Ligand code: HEC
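The chain below stands alone, shown as structure tokens; this is the form predicted on its own.
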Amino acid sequence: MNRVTGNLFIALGLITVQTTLTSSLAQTAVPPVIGGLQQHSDIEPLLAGGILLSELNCTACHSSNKKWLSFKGAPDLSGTGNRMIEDHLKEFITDPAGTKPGTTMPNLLDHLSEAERNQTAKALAHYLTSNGSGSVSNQNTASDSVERGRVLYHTVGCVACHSPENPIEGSVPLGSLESKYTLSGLASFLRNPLLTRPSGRMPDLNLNHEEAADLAGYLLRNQTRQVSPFILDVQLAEQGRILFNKHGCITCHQNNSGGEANQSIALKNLRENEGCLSNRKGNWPRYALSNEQKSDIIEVLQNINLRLNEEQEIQTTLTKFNCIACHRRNSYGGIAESRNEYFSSQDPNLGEQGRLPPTLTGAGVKLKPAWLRQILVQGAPGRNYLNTRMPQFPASHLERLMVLIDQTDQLPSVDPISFAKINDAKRAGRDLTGTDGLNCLACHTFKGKRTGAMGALDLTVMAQRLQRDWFHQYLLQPQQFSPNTLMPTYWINGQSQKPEILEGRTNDQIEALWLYLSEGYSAGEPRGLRREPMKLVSTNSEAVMLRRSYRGIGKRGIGVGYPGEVNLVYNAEQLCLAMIWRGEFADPAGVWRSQGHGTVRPLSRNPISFPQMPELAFLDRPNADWPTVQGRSEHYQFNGYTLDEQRRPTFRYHYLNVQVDDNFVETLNPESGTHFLRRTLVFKSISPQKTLVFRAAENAEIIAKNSNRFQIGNNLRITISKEFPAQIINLKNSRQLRVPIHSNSEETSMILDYNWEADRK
């Protein structure tokens, strides 16, 4: 059982549990959820208890001189009426743990009678709602906004703490947002959460206005509750202001009530069976603590004079802010297996490093203090390829953490290296960076420019981010610092692979790189940043082929360039013609010069693309919806290809019991003297049970010129064998050209001509 919760449903944040406030509150209500403790319950009890004292704001009332026990601080309630619904406030104040299971908000009114509790909650809700315009109202959310919000929620980092749509145990609960916020209120909060939650436990994900609105729309997608217009009762609001101070709300929450916070018994004088730690009702906050949570708190009280070492202090801070949901430091924290799938990359070529946030192990010797501050306080986007965003935290809460990380992490220093001519050293560094040197450009961007398939950290901010000693030692043994890195070892056993540069002296070469990169955006461009395209063309009577990844087609593209300067890409995954163009064949530089999985570029500005889905299907009727296929369907099987004497391929595949041979050849048009593509499809063993249909084209504009000739858009004409009458099918946003394949024999052939010439008829 989890030490913090003992209850699966704490994590869901999606289930509303109503509890009766009795003397057995701690046994019936869901215990408060602290995100870092939820996901990593292996922390030692003493640290867990201290984190609870801080996160539950115990030290707001009970003074302590221990900085690691300082109270978190509660939301700023100024302007509440601009974002929250008054009915929710009343329900939440009456029964916090019942309204939002797992909340860290205690019940302050438990000792009152039901009538007094309801009246007090109503007055407090009126007072808090008066802190704003009180003009909240329902708004509708467009379905496309909801879908965009769904993607954001599951990619930018929300599910590192909160539960995705498929609930995960150990999540920070969201509660019933539909009853708490209106669309504009939630969007405003998400746009700048630190304004109302200055403690930073809900950090700023740097959402723009549109993203905040989309995310709010997704979170409120099931909202049906209608908001009644709020009518302010001035007398009741004034009563609520007095009660706000009387019941101690002012101790944790900031607002404009005019009251002063009062502290009661000092933390060191607390007794485990009195006040908040007892199960008795009284004029004190009631927390639904689990037995484990209470035990951990008592552990701290019994060791109140203990001083934490620096690494323990770091661990408690990382836990409070739930940094450990994304990051690992030494043997502590890291992404839970159940959440791993929600961390993704914009550049899959970078592998695991391209989708997972970096480790915090050794961060103090790796990053310069100023850059560490930028990351934590400003959310500096150093790793733009990560979909998970580095959030922004309040500086005041992390000052001690930044000092501790800088002081604690250690790495042997590297002796200073001097050069007779510093500019010569920088030029050597530029040579090492370029394609004639170590070819750093194959993986890294330079001034935002990418030369290959991979876009790792920009070289021009390296020296701004990193410390020199770490840079030197990382380049010598990158796998020692990051076992899963794609970074190669260029100085194996300390020996340089470029002996012609600086006489092969390893330390001098690394220092030259450091000096060159230290110039940042002022650094001169290394060789290879600007590259001429490569050309792969047919230079004789034979066709040329390139089986690699093509943009929009995928890794199973088979490109063919014909001698007559007509070209195609066949999609061996979806078994269809994917693209055709005229002119020279292809630029393979993206897959030839780059690390990772680059793409081949057609040497044409206007290639004609076709839908990436199978062209052949059995339909009940010719105008039925065309079946959609995700990935490769089990009904289709690619059987490779054969080559003729001119190395022109015939692609072969099976669709159910139908064998298909698909051949393309370049054919001369005697009228124009240019070539077009002639395609011959041979179908064998056709089933008579349903209509076999071939999809020849799809476009917004398909015009029949005669019974077998069709204009496709502005640039293509398709002519089909006369014995196969084609049909134009109108779809919602486009048209399809379909050809029913009827045959009484076991084998039949159909010819299609793809011609770029303007139709003269």
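All figures in this text were calculated on a predicted structure; none of them were measured in a lab. In this text, residue numbers run from 1 along the sequence as written.
Omitted here: the form predicted in complex with the ligand. The next part is about that form.
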Out of the stretches listed (522-530, 207-215, 572-580, 554-562), which one is close to the ligand in the model of the complex, meaning heavy atoms within 4.5 Å? 207-215
Is it the case that 654, 683 and 756 all touch the ligand in the model of the complex, with a non-hydrogen atom of each within 4.5 angstroms? no
Between 308, 677, 277, 544, only one gets a heavy atom within 4.5 angstroms of the ligand in the model of the complex; which residue is that? 277
Quick one: of 148, 339, 465, 426, which gets a non-hydrogen atom within 4.5 angstroms of the ligand in the model of the complex? 465
is_contact(residue 61, the ligand) in the model of the complex, heavy atom dist at most 4.5 Å: yes
Does the 4.5 Å heavy atom contact test between residue 271 and the ligand in the model of the complex come out positive? yes
Does residue 57 reach the ligand in the model of the complex if we count a contact as any heavy atom within 4.5 Å? yes
Test of understanding: in the model of the complex, would residue 253 fall inside 4.5 Å of the ligand by heavy atoms? yes
Counting only heavy atoms, which residues in 479-509 are within 4.5 Å of the ligand in the model of the complex? 485, 486, 487, 488, 490
